[in-house]
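What follows is a single chain, given as structure tokens, in the form predicted on its own.
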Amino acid sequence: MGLLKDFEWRYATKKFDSTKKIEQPLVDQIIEAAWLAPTSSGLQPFRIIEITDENLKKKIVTIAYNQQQVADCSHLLLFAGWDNYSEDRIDNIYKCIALERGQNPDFYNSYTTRLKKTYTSQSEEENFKHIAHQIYLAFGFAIAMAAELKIDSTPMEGFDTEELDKLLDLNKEGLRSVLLLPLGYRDEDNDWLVNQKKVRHPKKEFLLKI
């Protein structure tokens, strides 16, 4: 029940205490949780960008529709997906898999051939939508790890992805921004949501048994 208690404790923090900073080893654990998350075919088609530069965070506030948590947080994590699947990207991760497992480099060839055929037959936007779904899995792992460590977070979809991509020059890296995760410690005296009850759909409506 420990993890469920952690989930009851967490909420989408509306006001961070900007004077409180997270120790780096704790942030590293949150990132590792995302790194260990499952992804379709093990492709892990995304990167995490850790932002602590105060001036840069302030610039991102405007891009994030003036959500001040971006500036006040201790660490800002950006989850950015590959802009598309490619044969090289698929080959690269499976070379790593074979090497780490002590397998022949050609061990996964038949499987990767099928993957390449699937993804290269789809549009870039179809593939990016699939990539974004994989990011949400890892994002959930990161939020869960933060809650276990009693670190506050604010899941954010509300920002101009194109403007953020331009600011960070993500296109040059073959990446597109998907989600932001400000991390820090709640300002209990000034966060209107901190003591509000957590509300969800009634469980009898939420769960359908067949």
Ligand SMILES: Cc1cc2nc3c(=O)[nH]c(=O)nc-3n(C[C@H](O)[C@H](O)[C@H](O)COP(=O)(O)O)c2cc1C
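Throughout, we count residues from 1 along the sequence that is shown. Predicted model, so just to flag it, every value in this text is computed and none were measured.
Same protein, other form: the form predicted together with the named molecule, not shown, and the subject of what follows.
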Problem set entry | Joint contact, K20, I48 and G184 to the named molecule in the model of the complex, by non-hydrogen atom at 4.5 Å | no
Exercise. Tell me which of 49 to 57, 65 to 73, 31 to 39, 167 to 175 has residues with heavy atoms within 4.5 angstroms of the named molecule in the model of the complex?
Worked result: 65 to 73
For this session: Give a yes or no for L43: in the model of the complex, does one of its heavy atoms lie within 4.5 Å of a heavy atom belonging to the named molecule?
Result: no
Exercise. With a 4.5 Å heavy atom cut-off, would you call M156 a contact of the named molecule in the model of the complex?
Worked result: yes
Exercise. Would H201 sit within 4.5 Å of the named molecule in the model of the complex, counting heavy atoms only?
Worked result: no
Exercise. Could you tell me if Y136 has a non-hydrogen atom within 4.5 Å of the named molecule in the model of the complex?
Worked result: yes
Problem set entry | Stretch 28 to 66 - residues with a heavy atom within 4.5 Å of the named molecule in the model of the complex | none
